[in-house]
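In structure tokens, one chain follows: the form predicted on its own.
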């Protein structure tokens, strides 16, 4: 099995910073690091197993209903993940709210099923799903790291910035409220896209 299947989605062909997919999640769930991490893991699990299932049954799916079959498979996995979160991580599940259900419409999942799972065997399909899920998750976690740290002074809900640093306590620091607003998520993702294209010159579109 080609190692590129796993390695390239992590950076070179990252689904967010290169293909510009899944941007909505960066807006919705990256105010705090914990829900961003849970969302990243949820998408990775759903993507990996949905690609396996579709790969296993790809030769039996009539072409005219393949999108419906894909949606049914993804929806089933999303429901399972949602119920597990409600059972074992209820507080995080409440923070994610409807966004777990919206994994069903995540264009990364449908895109990889169409582009890879329908034409490859189960093991490569599973690796491709996990790799793309991790590539997506890396961006989410990094964005959430900066948003929570500079917006709230915390990480995973734990205070990182010492209380004595704050202006109200006679210090010099104040949390930047801009970081907890949705536009900052877009700005941070834009920075990652800029960095990616600065490193990989071949990604720059020719005028």
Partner chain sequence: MDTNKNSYTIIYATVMVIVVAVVLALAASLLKDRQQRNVEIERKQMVLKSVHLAKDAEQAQDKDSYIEQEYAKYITDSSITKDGKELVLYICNIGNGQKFFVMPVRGAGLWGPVWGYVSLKDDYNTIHGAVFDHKGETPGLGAEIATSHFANQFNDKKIFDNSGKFVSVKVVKGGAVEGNPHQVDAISGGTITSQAVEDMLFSNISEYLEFFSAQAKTRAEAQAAVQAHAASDSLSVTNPMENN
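Values in this document were obtained by computation on a predicted structure and should not be read as measured data. Numbering follows the first chain given and starts at 1.
Quick note: we don't show the form predicted together with the partner chain, though the next part is all about it.
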Among 31, 35 and 91, does every residue place a heavy atom within 4.5 Å of the partner chain in the model of the complex? yes
Which one, 142, 180, 41, 161, lies within 4.5 Å of the partner chain in the model of the complex by heavy atoms? 180
Given that the partner chain is left out here, which of 84, 123, 115, 107 has a heavy atom within 4.5 Å of it in the model of the complex? 84
Is residue 76 near the partner chain? Define near as a heavy atom within 4.5 Å, in the model of the complex. yes
With the partner left out here, check for me: in the model of the complex, does some heavy atom of residue 149 sit within 4.5 Å of the partner chain? no
Distance check, residue 62 to the partner chain in the model of the complex, heavy atom within 4.5 Å: yes
The partner chain contact in the model of the complex: residue 167, any heavy atom under 4.5 Å: no
